[in-house]
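This document opens with one chain alone, in structure tokens, the form predicted alone.
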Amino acid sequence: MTANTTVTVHDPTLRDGQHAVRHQLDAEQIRTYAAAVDAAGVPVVEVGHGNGLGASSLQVGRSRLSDDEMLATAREALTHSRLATLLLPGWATTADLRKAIRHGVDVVRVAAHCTEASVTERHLGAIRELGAEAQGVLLMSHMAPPGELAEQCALMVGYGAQAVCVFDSAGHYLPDDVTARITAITTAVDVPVAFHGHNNLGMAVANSVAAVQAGAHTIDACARGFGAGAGNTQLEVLVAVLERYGHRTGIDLRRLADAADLAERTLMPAPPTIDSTSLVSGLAGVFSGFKKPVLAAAESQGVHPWDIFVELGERRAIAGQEDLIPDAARSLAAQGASR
């Protein structure tokens, strides 16, 4: 992309940020933040449980509000911004999808592990039939080479995806990694391409810029980086940097900065930081959302969380496999690993 290209900013603060607070955002928090970013001109606001529609459960955490309550609250507050939500096959049902669209959801993202795009086919088709925009997402995208990611994205487009997005779920990428993957994907598909970064190695904004320069049209980012582990690409910083590069976002940066201040005051105990646990998560290529259960398992078994993340990386653990965390901790304890 050249300077003056328009970049669409997709804000999942009220979905990915839920990971950082165990999915406990309440209606007032959702309403107030949604209204603030709507006023700032953020084009798309994503809302829901951290793991998407239907995911509130003992396994990955029960949310304070139901999907219906979260989406209805956000829809009322968003007078200009489009409302988005996430769906992971295996959690959400077609009934969940129908209810979400009845609540005014404009965009539904269907996410799958980076080598399993085939599981998105039914849901992508259903979204199109129900009249919402269907987008396909590949999670843990560092676990597949550029060519394979491009092939998986092409499959999703064939299933009806009107845009495709790759998640750096573990915050593992460097800019050259992003450039190679976005270039391969934009060559393979004729729909908009999006990038979603995490900040475990401190590279989320740089990686997002690399994605834009390689042809991505949409970038995900959260206020103050609010998200799992070390957090996501920081929204207000991203927009400022894109402006410095000459890219248009249509966002009022001053109002966005106010919305980010509001988010820090009302949504999060503290902004995310890159601590040692988040750092090893990025190095090992393990889902950032595993941070809290890894810390709990480390405490329970008397082993170092660093070693658990390394073990999970060797096992190629992916989001949704939280049950592997205590098993890895017990295995390390049995081997005599200790803090």
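All residue numbers are counted from 1 along the displayed sequence. By rigid core we mean the largest C-alpha set that fits within 1.5 Å across both forms. Quantities reported herein were computed from a predicted structural model and do not represent experimental measurements.
The same protein has a further form, the form predicted in complex with another copy of the chain, not shown here; the description that follows concerns it.
Using a 4.5 Å heavy atom cutoff, none of 39, 82 and 130 lies near another copy of the chain in the predicted complex. This chain appears without its partner; in the predicted complex, the one residue of 296, 274, 27, 35 with a heavy atom within 4.5 Å of another copy of the chain is 274. Among 265, 244, 98, 248, the residue placing a heavy atom within 4.5 Å of another copy of the chain in the predicted complex is 244. Of the candidate stretches 203-211, 113-121, 150-158, 67-75, only 203-211 contains residues with a heavy atom within 4.5 Å of another copy of the chain in the predicted complex. Shown alone here, residue 146 lies farther than 4.5 Å from another copy of the chain in the predicted complex, counting heavy atoms only. Contact check for residue 258: a non-hydrogen atom falls within 4.5 Å of another copy of the chain in the predicted complex. In the predicted complex, another copy of the chain stays beyond 4.5 Å of every heavy atom belonging to residue 135. Shown alone here, residue 62 lies farther than 4.5 Å from another copy of the chain in the predicted complex, counting heavy atoms only. Residues from 222-245 that approach another copy of the chain in the predicted complex with a non-hydrogen atom closer than or equal to 4.5 Å are 224, 234, 236, 237, 240, 241, 244, 245, in the order they occur in the chain. With a cut-off of 2 Å and the rigid core superposed, residue 31 has a Cα displacement that falls short of the cut-off between the shown form and the other one. Superposition of the core reveals a Cα shift of less than 2 Å for residue 65 between the shown form and the other one.
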